[in-house]
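Shown next as structure tokens: one chain only, the form predicted on its own.
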Amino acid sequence: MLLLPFVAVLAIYAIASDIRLSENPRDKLLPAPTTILETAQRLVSEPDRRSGEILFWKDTAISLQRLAIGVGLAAALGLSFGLAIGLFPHIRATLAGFVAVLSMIPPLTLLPILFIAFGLGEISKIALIAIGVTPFLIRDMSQRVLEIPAEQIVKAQTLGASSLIIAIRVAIPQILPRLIQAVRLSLGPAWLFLIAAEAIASDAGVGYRIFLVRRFLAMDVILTYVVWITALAFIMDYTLKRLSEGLFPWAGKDGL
């Protein structure tokens, strides 16, 4: 039953492709599944004539590096500011409203500003991912900290624990499972920001490659990359889910 929707989608695509190709054998919009498989095999195995590198794996490595740095930075900022806002009323009164407004800004509208400020290199692409994801993580983490029973914090203070000790020993262990879940939920937007940045200004990466071949209507290449991105996103999500279940079995399973 789990695979049924995927089989249905593949069947619908194969039927639609066969109909279009029977009417026009040169149609490029819906290449045959066999054509996509042949293209995928060529992309993952044949080196580029100019550089000698297999561009498919080069694009993948570069994009994953950008994504990992951007999401990792966002997670660190989200945890730090979420703890501060959740634990300290004066910081919450100062920053909570600002973060709420910041989260309403469409991150893609900031991309031209980032390119002007940081240039067309790696910093602007990583910054877009971090800026796009961080406000969501801050708001989620701060809310989870506020949900910690006040009795636990009062008891820790009674025992002489400092604010730092309370954050490390009381708050962080309880919100880390939620942080992993929040990062999982943010992977979709993070991929969107990455591909948008690579499409506009880059010379490598999965987003760059997709938008490079679109001018040739190379749907077989585009679909191969789309399927690969989907597979990578699934692997990352599944890995984080298993990591959370392994490290925090008491937190329960979210079912996703």
Partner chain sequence: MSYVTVDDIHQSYDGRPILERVSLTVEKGAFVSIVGASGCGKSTFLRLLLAQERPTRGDIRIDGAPPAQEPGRERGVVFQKYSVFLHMTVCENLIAGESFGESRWGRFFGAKKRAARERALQTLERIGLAHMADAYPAALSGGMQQRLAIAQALTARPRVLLLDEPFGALDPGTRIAMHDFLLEMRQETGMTVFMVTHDLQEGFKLGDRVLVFDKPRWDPHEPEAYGATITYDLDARRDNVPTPAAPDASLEGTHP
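Computed from a prediction, not measured in an experiment: that's the story for all the values here. We call the rigid core the largest set of C-alpha positions that still match within 1.5 Å between the two forms. Residue numbers count along the first chain shown, from 1.
Unshown form predicted in complex with the partner chain; subsequent notes refer to it.
The candidate spot formed by Ala156, Ile165 and Pro249 is fully in contact with the partner chain in the predicted bound form: every one of the three has a heavy atom within 4.5 Å. For Pro89, no non-hydrogen atom is located within 4.5 Å of the partner chain in the predicted bound form, even though that partner is not displayed. Within this chain, Gln152 lines the site of the partner chain in the predicted bound form, having a heavy atom no more than 4.5 Å away. In the predicted bound form, none of the heavy atoms of Pro106 sits within 4.5 Å of a heavy atom of the partner chain. Remark: Gly72 does not count among the residues lining the partner chain in the predicted bound form, judged by a heavy atom distance of 4.5 Å or less. Checking Gly119, Pro112, Pro173, Gly97 for any heavy atom within 4.5 Å of the partner chain in the predicted bound form turns up a single hit: Pro173. Interface residue among Leu77, Ala161, Ile131, Leu179, judged by heavy atoms within 4.5 Å of the partner chain in the predicted bound form: Ala161. Segments offered: 121 to 129, 77 to 85, 143 to 151, 182 to 190. Contacting the partner chain in the predicted bound form at heavy atom distances within 4.5 Å is 143 to 151.
In the core-superposed comparison between this form and the one not shown, Gln157 has its Cα shifted by at least 2 Å.
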